[in-house]
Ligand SMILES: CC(C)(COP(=O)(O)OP(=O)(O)OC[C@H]1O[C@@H](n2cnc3c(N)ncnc32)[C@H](O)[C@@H]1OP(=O)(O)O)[C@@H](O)C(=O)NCCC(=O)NCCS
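Heads up, the chain below is alone and in the form predicted on its own; it's given as structure tokens.
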């Protein structure tokens, strides 16, 4: 396992997204989520799309944005397989939370598939409530919706 002390969290650029996609399986294993990596998010919401960078490359990233109604939405968050378990996901989430607060967000939101136990546990550990919403992703496609108000200090 790699530590997080030598990692710098910065806004993501399109070159970073190209690097992530070139090593997609190191972040997502067998799940092919390349179609969810939208370059428009990086172009339009650069300050809330983040990478955790070290000498050996991008160890993790988060793509997110703030809605006009004040919701900081986490679209994707992933850590490289050799960087898991060191708190990097929490660190990325805390950096996103601060960036979202800076843009006036009052709550955070994310979604995942019903069977993604790791994501469900991660978001609950950050204080999110989780509920299953039927047909969220189309007919017969329920999703777990996470929500958390932004009160007090940044969660770490």
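Keep in mind that this is a model prediction, so the values were computed, not measured. Residue numbers count along the first chain shown, from 1.
Beyond the structure shown, there is the form predicted in complex with this ligand, which is absent from this document and is the topic of what follows.
Q: Under a 4.5 angstroms heavy atom criterion, identify the one residue in 94, 54, 126, 41 near this ligand in the predicted complex.
A: Answer to the contact question: 126.
Q: Would residue 27 show up as a contact with this ligand in the predicted complex if we use heavy atoms at 4.5 Å?
A: Judged by the heavy-atom cut-off of 4.5 Å, residue 27 is in contact with this ligand in the predicted complex.
Q: So in the predicted complex, does any heavy atom of residue 88 sit within 4.5 Å of this ligand?
A: Heavy-atom contact with this ligand at 4.5 Å: present for residue 88.
Q: Heavy atoms within 4.5 Å of this ligand in the predicted complex: does residue 103 have any?
A: Close contact is absent here: in the predicted complex, residue 103 is far from this ligand, nothing within 4.5 Å, heavy atoms only.
Q: Find out whether any non-hydrogen atom of residue 31 is located within 4.5 angstroms of this ligand in the predicted complex, and reply yes or no.
A: Yes, residue 31 lies within 4.5 Å of this ligand in the predicted complex.
Q: Considering this ligand in the predicted complex, find the one stretch among 43-51, 95-103, 64-72, 117-125 with heavy atoms no farther than 4.5 Å from it.
A: That would be stretch 117-125.
Q: When you measure heavy atoms, are 9, 14 and 37 every one within 4.5 angstroms of this ligand in the predicted complex?
A: Result no, not one residue of the spot touches this ligand.
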